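Here we start with a single chain on its own, the form predicted alone, put down as structure tokens.
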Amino acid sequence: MNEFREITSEPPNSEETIYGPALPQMKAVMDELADRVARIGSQLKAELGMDPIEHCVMRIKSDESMREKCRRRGLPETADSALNRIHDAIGLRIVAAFVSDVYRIRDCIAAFGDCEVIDEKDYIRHAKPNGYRSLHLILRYQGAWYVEIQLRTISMDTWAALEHHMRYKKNISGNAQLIEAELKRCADELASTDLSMQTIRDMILDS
């Protein structure tokens, strides 16, 4: 695996956040799952001859973002809301080389004995109307912690990052319809390329 990057903007004093004293435990859970993802990469490398995980980004949702989400959902801004009623306080995004690797990694994660997949949304097989593709899992870890995991290919990740950047960088209302159509076209073309690259990789492995 090429790299892990941790993204968290929490202030150093955990008592100042919506998570309160749970913040150090959340970081420990995030680190433990990141270590497990690294081991999955090593395991699959032994089977496939290459590490299928390009990188993994991990983060704890910032205090400001979590409070805003509580307000949007009509929930009190408390640790109980953040940790038990909203399920993405801890997040990992795993970027894989090929579509089949996304599902291999998903199966490895689902096999963790102390994790339960409580929700799964497959936006790869069933893309969002705007072209967004990714596989989303919500895990319940050790019966106590909710974790969101997003799995996608390199091209899916690149598209999602660019789509987010262009959509929120400036007011694009005047050209919104055209831009959305072009983004959808690009997403479909990248999905087709993903399938072609998958076919080539499979041919190489079978040769």
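Here the structure is a predicted model, which is why all the values come from computation and not from measurement. Each residue number is its position in the shown sequence, starting from 1.
Just so you know, the form predicted together with a small molecule exists too; it's not on screen, but the next bit is about it.
Among residues of the shown chain, residue 77 is not one whose heavy atoms approach the small molecule to within 4.5 Å in the predicted bound form. The closest non-hydrogen atom of residue 136 lies within 4.5 Å of the small molecule in the predicted bound form. Heavy atoms of residue 51 never reach within 4.5 Å of the small molecule in the predicted bound form, leaving it off the interface. Among heavy atoms of residue 150, some come within 4.5 Å of the small molecule in the predicted bound form.
The stretch that touches the small molecule in the predicted bound form, counting heavy atoms within 4.5 Å, is 156-164, out of 156-164, 37-45, 175-183, 139-147. Residues 27, 85 and 106 are none of them found to lie within 4.5 Å of the small molecule in the predicted bound form, as judged by heavy atom distances.
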